[in-house]
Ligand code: NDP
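The data below hold one chain only, encoded as structure tokens and taken in the form predicted on its own.
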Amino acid sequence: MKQIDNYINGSYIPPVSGNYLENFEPATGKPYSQVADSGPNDVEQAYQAASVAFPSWSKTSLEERFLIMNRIAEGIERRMELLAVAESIDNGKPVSLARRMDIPRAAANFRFFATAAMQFASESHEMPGTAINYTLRQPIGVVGCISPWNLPLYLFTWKIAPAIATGNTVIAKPSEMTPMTAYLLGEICTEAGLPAGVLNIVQGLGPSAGQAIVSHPGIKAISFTGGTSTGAHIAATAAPVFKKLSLELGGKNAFIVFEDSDFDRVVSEAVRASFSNQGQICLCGSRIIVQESIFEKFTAAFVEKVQQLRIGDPQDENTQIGALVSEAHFHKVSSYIALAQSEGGKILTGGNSVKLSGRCTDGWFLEPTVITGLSQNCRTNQEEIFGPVVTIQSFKDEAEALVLTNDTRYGLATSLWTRDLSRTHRMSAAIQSGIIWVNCWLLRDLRTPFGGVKDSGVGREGGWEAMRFFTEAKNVCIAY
């Protein structure tokens, strides 16, 4: 059985306690590796290594950082197949999805931020005849990056890359449920020539390893992606000691369809937005809101396409729907399907667990599920399910669509489908969401800010926003 150790100061080392956690393959329901069960002592080891590495790395030239980070990107690309298979085993997602989206994006993260750091400009402001002000942006020091299980390498590198590009050193914790690609990243970084201690990867549970990172007095900033309740706990821990925080949290995203949209395209994209990665993406459209004039037509076409999705072994190239990430998560999602029925919902398709033959007999598979007939204020329409479950509602006009869209505690992403440009501008201004896609879904430009409003988080990742987060601004005012 594979043993997954911590990557500290450029080497793989076992946890101080000597304890390990079982890591399960979702498709089989069986353990396939042991993950370091780290705690405060391991975080302290990582902190000492990061502290020693910081003075030198923060003074390393932008050109040298650029070259190292590009070599990391190339190393990820060379190991594309290994990483895609590892992520599929760890996460339960189809290997084709990992190969098409997750691993290429991880390489792109390093390449983008390596380039961005070379172009990160400082602001200057003249006070005519009096003085000139300019802004220095300097690395913070040792920072903490905590990433989730749904897009393991993709989101892990999205945090790490801007942090090291701007001269910080990093203590990073992947999810204990999906540790393998983070483990492999350490080897890639060593081969690329990243100095020891610049990146330290501590495996383990949130309440032990994660909490130790958040509460460590020497770690000056925390970038976290995960659940809203965990984000609230992190904020409560970090605020009294004035750590910088970036929290990308939950979502209950609307997918709004007006009658003038491109019908065939919107149906296909609605299926993709609802069920990619088994619905385990914070940006998935879990609430489909359709104008009543096309509601019946849309619903019939949507359900037909959903029923054609292929559920199977994630290692099969033809699989479109893989396994849910864990047995606990499987039961959680299943409980929401039962809840929806008790709330008066009608299941149009799905709703059942799936038993496969062969090696996946004991895997955690669930049919893509479409539910209608629910009120807006029911729990199924208000709470984040994070699985292959979507609801469909109808609306009469633009005003009602806005009410349905905004009537949740979350505000991460919205997908709006219409050919009316004026409506696009009106709706985009009124929707309470950090990201609004018009006639598309999950189309990401790394230069743009990313994040939510309301209970979907604070701060922004991506582009210049991430570069600013991982630096401290210092104003210099020079009098004439």
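Note that the coordinates shown come from a computational prediction; the quantities given were computed from them, not determined experimentally. Start at 1 and count along the sequence shown; that's the residue number.
One more form of this protein, predicted together with the named molecule, exists but is not displayed; see below.
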- Does Ala50 reach the named molecule in the predicted bound form, with heavy atoms at most 4.5 Å apart? no
- Query: Though only this chain appears here, would Thr391 touch the named molecule in the predicted bound form if you measure heavy atom gaps against 4.5 Å?
  - Reply: no
- Task: Answer for Gly206 alone: is it within 4.5 Å of the named molecule in the predicted bound form, judged on heavy atom distances?
- Result: yes
- Task: Would you check, heavy atoms only and a 4.5 Å threshold, whether Leu155 touches the named molecule in the predicted bound form?
- Result: yes
- Taking 4.5 Å between heavy atoms as the contact cutoff, choose which of Gly186, Gly345, Pro368, Pro148 touches the named molecule in the predicted bound form. Pro148
- Query: Considering Val214, Ala73, Ile337, Val266, which brings a non-hydrogen atom within 4.5 Å of the named molecule in the predicted bound form?
  - Reply: Val214
- Stretch in contact, per heavy atom within 4.5 angstroms of the named molecule in the predicted bound form, of 297-305, 85-93, 126-134, 382-390: 382-390
- Item | Those residues of 264-284 which, in the predicted bound form, come within 4.5 Å of the named molecule by heavy atom | Cys282
